[in-house]
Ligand SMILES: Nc1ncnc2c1ncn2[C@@H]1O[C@H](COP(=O)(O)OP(=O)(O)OP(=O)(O)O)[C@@H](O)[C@H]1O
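Single chain ahead, by itself, as structure tokens, in the form predicted on its own.
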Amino acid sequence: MSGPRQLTVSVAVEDVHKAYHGRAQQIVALESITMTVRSGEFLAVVGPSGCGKSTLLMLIAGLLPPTRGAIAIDGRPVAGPYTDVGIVFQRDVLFEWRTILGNVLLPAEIKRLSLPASRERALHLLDEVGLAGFEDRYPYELSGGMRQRVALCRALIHDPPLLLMDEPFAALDAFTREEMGAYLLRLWHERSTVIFVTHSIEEAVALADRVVVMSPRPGRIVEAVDVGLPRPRGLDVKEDRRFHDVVHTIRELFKARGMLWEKTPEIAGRGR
């Protein structure tokens, strides 16, 4: 079987603003977002709920138009849905009537790729995430973590140069969440440009090359923090002092803007 393509893409977001028009008022989701994602980079985006992180992914994918500003992928303006992309959502969105293999193969069928070659790649991906032997099962027979592994394989089946991930592990327990992060890093190998949205600072630092910190709505970029941890990474990265230093730096950015707060002993004791 031929290996995955080495193709990756860069993403440029220039002064992007997104507003939704409700019945009573305009809701500004994003304001003046400017950032560049380097080709082959793993970029994580963290911020409070409602700050526009998911909206940003939808804009980059061309599934929503910006109210103002421009987005380009490899220098080409995004003017509609960008098709050469893999997307993983918080929910696995598997088709219950298709087998596990059938779910993974769906993008290949839509793109009319070679089914024998795609089937071989699908079986390889499923083996890589510990699901060899489950090809003929159905989603209802799998646990939540197993279903999300299938969703990850489906997103990677066509070797997308861009992978967008919208809190893909948020619904999982802590152990399964760490396990999924390890699977993602194993399959990624810098062969796609990744934009990964999460609420977890620790998850962002463990996975990414850089972490973009966003403000509350309207979402703005507060700062982009270089992680600087060597690759390849495993679960033991969280034992590295440098990991904790970066996590601390990002927490302080949130605290400085009132997005994180800690109870003092006096306050904590009043509720007893």
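Note that this is a predicted model, so its numbers are computed, not measured. Note that residue numbering follows the sequence shown and begins at 1.
There is also a form predicted in complex with the named molecule; it is not shown, and the following applies to it.
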Inset, instruction - Answer for Ser49 alone: is it within 4.5 Å of the named molecule in the predicted complex, judged on heavy atom distances? - result: yes
Legend entry - Touches the named molecule in the predicted complex: His199 (any heavy atom, 4.5 Å): yes
Inset, instruction - Determine whether any heavy atom of Glu167 comes within 4.5 Å of a heavy atom of the named molecule in the predicted complex, and answer yes or no. - result: yes
Legend entry - 4.5 Å heavy atom contact, Ala29 and the named molecule in the predicted complex: yes
Inset, instruction - Identify which of Arg217, His244, Arg210, Arg38 has a heavy atom within 4.5 Å of the named molecule in the predicted complex; exactly one of them does. - result: Arg217
Legend entry - the named molecule in the predicted complex: contacting segment from 233-241, 66-74, 200-208, 52-60, heavy atom within 4.5 Å: 52-60
